[in-house]
Ligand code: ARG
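The data below hold one chain only, encoded as structure tokens and taken in the form predicted on its own.
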């Protein structure tokens, strides 16, 4: 298999060197983008009369045949080719003949591969955004089906206060929305057209880079040829966006793992997303969620890898940059898979409403509401905290409900504590009296559900 270089050398490369340096085993994924970029490049060369129109026509016809094979799934990459660019060039020669030799005019693999990667990232960012939105819809659906349910909320994994389940789900949607906007930002960093920079210094041929940018859908042309052939910031940002998605999905999975445990017993995960034990017949393990949690480490590790790969490289292109692709591809694939799997989990997830109702009866959830009651009567926050602290110590720590205290007993803790304070010690009242914007108040949550419903289904 011929390489795109070699005349400089008087002997063939060592087979072991080929095995170590060839990237065709993974960069074949760029085939579609490589052909699209080459078609645009051929059109530009003909427009500028750098190559004859007849040669460009043969090149484009051949490339379109290859592109159709890629789209139909009939394209099989040649493992003996150095990379996908070489593979396509060799195939094109069989289709277009000698004209194919002119395609690489005014182009280097340096700017060619950056173009391919930017086209890939732009496409995958859009796919990931769609998957994030799909997961948001499934979570919103789960929230809507259980919009009146109240559940415990935790700090330090200790019972803290009560919230509407829908409020908790909206927190996930907000997290994912930040992920979506990060992908938007990452895609914007791909919106600079690199082709025409060649190896590093540009070309003396009269190319039209603005025309190339228009054909390929870029809003701007790279201003510095040295920078753009060595720039991989857009890949770092793409992997970074995937890493943040993975981190968020891991946290969501951890919540569901806890809620599905016998100790929490708040949700029932569909059996299709669980496994059993080889020795304990009663087990229903949330393995899919555990693997979502575990898979996040791969993407986070890839982010560290790409930073380390780049940190010591001088300008401009260095062969080290070949290794950016496995990191990017795995990060995108993992994030995409995690999003789709978790969407299916939420679509089939069942809430154990009776158990949730029992879990929110613990009166310790409502001590902050009682503190606010005192603050509204002029007691300082610190004094109110001390008063409720003594009450908790005397009652809850000794198994006596606060709501069982008589008016006389309440007054011993503070003369401002009257019998009406006991109405605060129930979950429905606790969420109802929240009045700050963004809180778990049913009115606020209901409006948020409607707002997100309109936004996600627009």
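Every value quoted in this text rests on a predicted model; they were computed, and no experiment measured them. Numbering follows the first chain given and starts at 1.
What comes next is about the form predicted in complex with the ligand, which is not displayed.
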property	result
Which of 395-403, 22-30, 45-53, 408-416 sits within 4.5 Å of the ligand in the predicted complex, heavy atom basis	22-30
Residue (of 322, 295, 161, 316) lying close to the ligand in the predicted complex, criterion heavy atoms within 4.5 Å	322
Of 110, 203, 247, 146, the one that lies within 4.5 Å of the ligand in the predicted complex (heavy atoms)	110
Contact flag, residue 124 vs the ligand in the predicted complex, heavy atom cut 4.5 Å	no
Residue 118 within 4.5 Å of the ligand in the predicted complex, heavy atoms	no
Partner contact for residue 83 in the predicted complex: the ligand, 4.5 angstroms, heavy atom	yes
